[in-house]
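Just the one chain here, laid out as structure tokens, in the form predicted alone.
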Amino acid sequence: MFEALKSKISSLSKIKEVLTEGEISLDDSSLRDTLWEFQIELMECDVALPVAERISEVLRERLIGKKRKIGTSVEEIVREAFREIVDEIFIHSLDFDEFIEKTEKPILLVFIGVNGTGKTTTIAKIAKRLLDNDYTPILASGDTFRAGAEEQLREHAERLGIRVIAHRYGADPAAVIYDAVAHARARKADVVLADTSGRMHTNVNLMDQLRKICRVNTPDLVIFVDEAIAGNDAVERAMRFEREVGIDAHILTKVDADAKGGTALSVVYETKKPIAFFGTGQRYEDLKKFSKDWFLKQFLGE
């Protein structure tokens, strides 16, 4: 009886609020279904489950007690609050072109990630972007582990008309990259783009090797490359690479393969490191600079 009375009093208070103010306060019961549906929508857009859950909880905390004007749907309010959260998640940004312009030359960029995510092709795309902006890039074949890795890098270099520094297979990749930086300094080249062998984040020996590369050469940027369609896997890998090596920025590939944007949101939420580019196709020109506004339009389907 007491519970029923409490519910009746609450209902009367809401009616009074509507009549006197033309708006009503959101409470847990009015938010629950919409937030659950929005959390499902986040996961359908490849947002990692833990990230979707945390965003949903933050939305709940922020919206309880918030006034809703009559005629405004709860869904509209949730989406507007989500935009604010996205602003906070993507507060750290990297303007790649500005970074290249202002950093002392030669600049060393080390690209890391697992096998098969398009890392070597991404390096070639970055080289093309640098060439288009009148910089001189050099490629460093730091993947001395995978058969055919050097040949793949050389093929891109020949197409672009740039140099590759490489040693024999099995050589120390830290030494290869060190020599590439020395070559760039001697030839007054602007940027060294260092490929590294793709490795699973669970491979202890290869992660040790990657730490050595960064310790010996002190990169200006360590860029983690993964697929925009990888979802939870990309988050787990990014977090492991961040803990073991350290990441300065992300590039997400295969955005053209029906990626919904959730991976971008998840990896930035977890690592607090910005996205520099999206890979949008196979051509050298298919590299899109990250834009928060563009991301929101894609993600929310606006």
Ligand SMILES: Nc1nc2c(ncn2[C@@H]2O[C@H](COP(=O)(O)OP(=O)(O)OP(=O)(O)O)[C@@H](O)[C@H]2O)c(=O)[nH]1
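Just so we're clear, the structure is a prediction, and the values are computed from it rather than from any experiment. Sequential numbering from 1, following the sequence displayed.
One more form of this protein exists, namely the form predicted in complex with the ligand; it is left out here, but the text below deals with it.
Distance criterion of 4.5 Å from any heavy atom to the ligand in the model of the complex singles out N115 from the list T218, N115, N205, N133. Relative to the ligand in the model of the complex, residues K119, G198 and T280 are all within 4.5 Å by at least one heavy atom. Looking at 172 to 180, 82 to 90, 121 to 129, 101 to 109, the stretch with residues near the ligand in the model of the complex, meaning non-hydrogen atoms within 4.5 angstroms, turns out to be 121 to 129.
Of the heavy atoms in D143, some are within 4.5 Å of the ligand in the model of the complex. Not displayed here, the ligand is approached by T253 to within 4.5 Å at the level of heavy atoms in the model of the complex. Heavy atoms of Q152 reach within 4.5 Å of the ligand in the model of the complex, making it an interface residue.
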